[in-house]
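Next up is one chain by itself, shown in structure tokens, the form predicted on its own.
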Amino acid sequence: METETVSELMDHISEKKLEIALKINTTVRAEMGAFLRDRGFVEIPPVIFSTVTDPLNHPVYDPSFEYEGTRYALTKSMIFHKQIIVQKIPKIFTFSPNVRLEMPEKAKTGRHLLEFTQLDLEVKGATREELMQLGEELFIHTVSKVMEKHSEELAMLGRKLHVPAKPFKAYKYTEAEARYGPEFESILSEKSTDPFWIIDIPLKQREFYDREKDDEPGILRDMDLIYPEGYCEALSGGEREYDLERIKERILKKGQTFEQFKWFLEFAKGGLELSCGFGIGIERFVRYICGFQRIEDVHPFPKVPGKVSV
């Protein structure tokens, strides 16, 4: 495994493009938070570790530890905490640190970090279509503000951005896959100049907690926002399953156990209402805005899969 040297770290944190990325990062966080607060969202603190966290739908190492006889996991995402708190506070968001110990080969993508920050939000009673509209408005607002406040910095990077028109184009997952093959997301991203949606994602591609379409079993009311220019996934989310028996059925379908999610299931016994939400990675957003090839260029202390770092 490659190990970062002190000299490499000093060179990295001395780079002008990192300084620019961090200034843009500051604006991105401020403008996203302001956008949501203006729309009645309440910011909640992040959860760093918990007895229950996102199982994810792809293999990762599972960082966990024992404290006073209880096993805790580092947060992969706050999906269950969002669905719990939104039952009482109907519009919430958080800037959540996520730890996902990806396999070393993920370093090749240029868009994976072992730890990153995700703007995570949830709205009680909302539909996928309403959250897609919110996501478009959030994207447009934030990019517009960055262009307004950082025109000089973007010029120094040679980065030209434009504000896309809404609504963004949407592709159904199965139709896009049938036309372009298994790498359809990358292909569509490479050929696009504006962000677009992938919707109606098959259950096998997602975790148990998202809601199936009533008229298409096995297809979820999910959505992914994809960056153009080959930058790929920006945002991922969907409507949440809220019926306890369907939640249990889905856990078993995914080959998981009730014990893994006992805290969430215990809460769900009291009743859940429909909610919808999404998460958007801050580092990926800043990478796209800056036009960088590698995501580690936006972070002063990046944890890249397969590399030992500070």
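From 1 onward, residues are counted along the sequence shown. Predicted, not measured: the structure shown is a model, and the values here were computed from it.
The same protein also has a form predicted in complex with ligand AMP, omitted here; what follows describes it.
Partner contacts here mean any heavy atom within 4.5 Å of ligand AMP in the model of the complex, and among 195-203, 143-151, 156-164, 114-122 they occur only in 114-122. In the model of the complex, ligand AMP lies within 4.5 Å of some heavy atom of residue 280. Though the partner is left out of this view, residue 233 does reach within 4.5 Å of ligand AMP in the model of the complex, counting heavy atoms only.
When ligand AMP is considered in the model of the complex, residue 100 lines it closely, a heavy atom lying within 4.5 Å.
In the model of the complex, no heavy atom of residue 289 sits within 4.5 Å of ligand AMP.
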